Ligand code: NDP
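One chain comes next, on its own, written as structure tokens: the form predicted alone.
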Amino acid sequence: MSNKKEEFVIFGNPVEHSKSPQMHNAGFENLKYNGIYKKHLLEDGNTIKDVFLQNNYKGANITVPHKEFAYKNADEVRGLANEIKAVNTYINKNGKTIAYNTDAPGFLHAIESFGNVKSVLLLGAGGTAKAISLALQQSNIEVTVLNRSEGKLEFFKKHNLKASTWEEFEIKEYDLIVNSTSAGLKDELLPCPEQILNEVLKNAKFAFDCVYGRMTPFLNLAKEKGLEIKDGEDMLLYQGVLAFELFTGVKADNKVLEAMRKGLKGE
């Protein structure tokens, strides 16, 4: 019986900044699970399934820009991921890739701390936005998607979600404003024109940024306006815990959750 560790990775481009390895490895350690989690820089999203299987990885997480590629290339897609058409988790089951999306439930869990949210303005239209919008829709929370260009809005309209470009947008009141774009991750950009943001933040109560580990210009602006703010750390943690359960087949208890949270914070 070989004691070789089962290998898990995060696929992304870039992937250097990812804190998933320290979070998952802390979870493995807490469970005494014989696994190791690493980063895998992947240039070409279309090769994701082949690379995953050739390396004999037991499981993987997928981050930008590969979530849609991962969906297209999977052998089998389970759950809400079929609707989202983007996946963030692969499991290797007897040489077949089984794909899931844990972003959707991870996001819902992360915004629970805000309390009662009835309406959301969602900035961006990528894989993360798809997951969040459908999760909100399933929870009967009204959601409007706002994106620079028309092209990506088709998906949301097909799912009977309100969707608008910057030009056509009519300002309304929303409880929660969510940034699902990468604006502010490595730059000082806002996710949409400042004029729109100033207007919607004026009447909102909460702001959430999927970017984690830094105060983005979006969160700074929301904080200035007195909103309760939250970065993407909890979303990353909760989607990670759900992926971890799929990886290990073990239900994560509070000890594992806390170990993973500490790992994420680098404690």
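Since the model is a prediction, treat every value here as computed from it, not as a measurement. Residue numbers run from 1 along the displayed sequence. Rigid core (definition): largest C-alpha set, two forms, superposition within 1.5 Å.
Keep in mind that the form predicted together with the named molecule is not shown, yet the notes after this line are about it.
Looking at 199-207, 28-36, 229-237, 45-53, the stretch with residues near the named molecule in the predicted bound form, meaning non-hydrogen atoms within 4.5 angstroms, turns out to be 229-237. By the criterion of a heavy atom within 4.5 Å, Val211 is counted among the residues contacting the named molecule in the predicted bound form. In the predicted bound form, the named molecule sits beyond 4.5 Å of every heavy atom of Phe114. Contact check for Ser133: every heavy atom lies farther than 4.5 Å from the named molecule in the predicted bound form. Heavy atoms of Ser180 reach within 4.5 Å of the named molecule in the predicted bound form, making it an interface residue.
Proximity of Gly59, Ala74 and Lys96 to the named molecule in the predicted bound form is absent: no residue of the three has a non-hydrogen atom within 4.5 angstroms. Only one of His109, Lys172, Arg148, Arg78 lies close to the named molecule in the predicted bound form, with a heavy atom inside 4.5 Å, and it is Arg148. Contact annotation for 189-205: residues with any non-hydrogen atom within 4.5 angstroms of the named molecule in the predicted bound form are Leu189, Leu190, Pro191, listed in sequence order. When two forms of a protein are overlaid on their rigid core, residues whose CA moves 2 Å or more are considered shifted, and Leu219 is not one of them between the shown form and the other one. Relative to the superposed core, Ile10 undergoes a C-alpha shift of no less than 2 Å between the shown form and the other one.
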